[in-house]
Structure formats: structure tokens, C-alpha cells
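Here's a solo chain for you in C-alpha cells, the form predicted alone.
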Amino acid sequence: MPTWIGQAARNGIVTSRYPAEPATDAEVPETARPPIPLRGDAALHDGVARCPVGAISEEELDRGKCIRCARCRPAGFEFRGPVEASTGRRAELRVGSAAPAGPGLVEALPPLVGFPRSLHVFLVDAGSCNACNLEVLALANPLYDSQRLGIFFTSSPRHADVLLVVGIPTPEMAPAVLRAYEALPAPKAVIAAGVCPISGGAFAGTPGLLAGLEELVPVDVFVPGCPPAPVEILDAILRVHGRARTAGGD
């Protein structure tokens, strides 16, 4: 019997305490966390040939490409990075000696910080395998209950504050993404959830797919993962509102 079924049978439905309390191991299992090269450059060197998506090079690990397949584990990687791995800077998803650093990477003020009311989120699937869709929609179930935090999903971009995009934009879907973005009233924010809208993930380089969401619209928060866990997506939504937990706080 899967662990979560047994847990539900024993405990019933228990709403998550996140973000008031750290995420539990049940909410974010090991391979749902970002990888860390424990052996530094040696792990990067040994992991290059093991990575099927080119997320690992001799100089860095790009979490914006990593699909968390765990094939790099024998090379010295562990999946125990911070749950709060989302960031407003694409470059900050790169870890290693070649990764940019310094004051130039200071994250901008969250676009909806101080927004004096609840948030309404409009979800757009630009072309996904449906995994990220399921993780996003899980936020509305009784376990995560996003409404307790003033986060609601809406069926119209004209009623939304946040555009949440999953999947890789295609030439056919690009106009729809743009229309949705333009329909959101200001102030507004855009979240790229999962590696597909960030870099293309496992499908990067495939003909008929665009490179990334930021080529179409300005992205305020990037959420790594394939797919990211619901808690990671929740962190990103809270981040644009200025209410996120401190990164690595768990």
C-alpha cells in the first residue's frame, strides 16, 4: 500500500501547516527537493555523462534544467536542497564555480508585495505532460487548502493577479499566453512552474517548441522541478506577494 494511502487511512485529512511550519518529508519527498553536488567540482565532473538533459556541466549544475531523475546520485549528488528553491532570477538556479554571484543578483522586490488583498491565480498549460498541472491543482485540495492563505484559482485572466504557466510554450500557444498576460490587470506577476517553461526540460531543443517562457513575457518567479511539489509552487505564489518563508528555512 502506498505510504500516502496508509497515512490517510490512519490520520484522515490533515491540512498542511506550511508555511507557518516547515514542510514535512511526506509533503516533499527526497527526489522532490533540489539536488546538491556534495563532492563539489568532482561531483559535477562525474555527473556530466549521467545527466540525460544536460543540466550538469564541468562547472555548474543548472537546477532550471534538472528533471530530478536521480541518475546523478552515484556521482555524489544528494536531493536535499531547500524546499524554497524558487527565485526571481533565472541565473540563481545555477550552482557551481561558474554560476554568477555577487550584488548583481540581488532579487528585485516581489511584484505584489504589500498587495492589500487575496491573490487570484490563472493557470495556463502551454504544452505539458500534465504532471505540473496536477501538482498545481493539488493546492486547492483539503491537504494544502490554498484558500486558507487567501489564494484562489480563477477561470478568467481578467480576474487574476498571477499568471501561472506550466509546460513548454509552442508557436501555437504563444499567442494565447501573451493574450492571457495582457488581460491580467496591473499589478500582476508571472510564475514559470517546472523546468519546461524555464528551459524546456527533457524536451529542450525539440523542433516546434520555444526556448522558454521568458522569451514571451517577463517572468517574476522561476520554480525548478519536474514536477515541482505543491509546497514549492505555493512558496512561489507566496513569494510574489512578499509572504514566502526564508529560503532554506526548513
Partner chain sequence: MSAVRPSETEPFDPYGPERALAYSPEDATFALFNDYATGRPVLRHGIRIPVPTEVRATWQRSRTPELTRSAGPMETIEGYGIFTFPYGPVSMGVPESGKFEVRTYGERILSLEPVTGFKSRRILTSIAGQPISDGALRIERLAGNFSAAHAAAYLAAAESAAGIEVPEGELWVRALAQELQRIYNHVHVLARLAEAASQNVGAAQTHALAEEMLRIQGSIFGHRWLFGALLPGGPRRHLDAADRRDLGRRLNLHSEQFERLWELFLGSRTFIDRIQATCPVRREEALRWGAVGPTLRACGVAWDDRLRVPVTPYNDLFLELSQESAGDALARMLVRAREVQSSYLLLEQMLDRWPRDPGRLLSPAPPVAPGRGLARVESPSGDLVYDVTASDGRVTRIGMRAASQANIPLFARGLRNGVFTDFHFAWESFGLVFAEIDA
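Positions refer to the first chain, counted from 1. As the structure is a computational prediction, the values presented were derived from the model and not from experiment.
There is another form of the same protein, the form predicted in complex with its partner chain; it is not shown, and what comes next is about it.
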Counting only non-hydrogen atoms and a 4.5 Å threshold, tell me whether L123, S128 and A138 all contact its partner chain in the model of the complex. yes
Though its partner chain is not shown, can you say which of G54, G40, G208, P218 has a heavy atom within 4.5 Å of it in the model of the complex? G208
Heavy atom of E172 within 4.5 Å of its partner chain in the model of the complex: yes
Would F77 count as touching its partner chain in the model of the complex under a 4.5 Å heavy atom rule? no
Partner proximity in the model of the complex: G150 to its partner chain, non-hydrogen atom cutoff 4.5 Å: no
Any of the heavy atoms of R71 lying within 4.5 Å of its partner chain in the model of the complex? yes
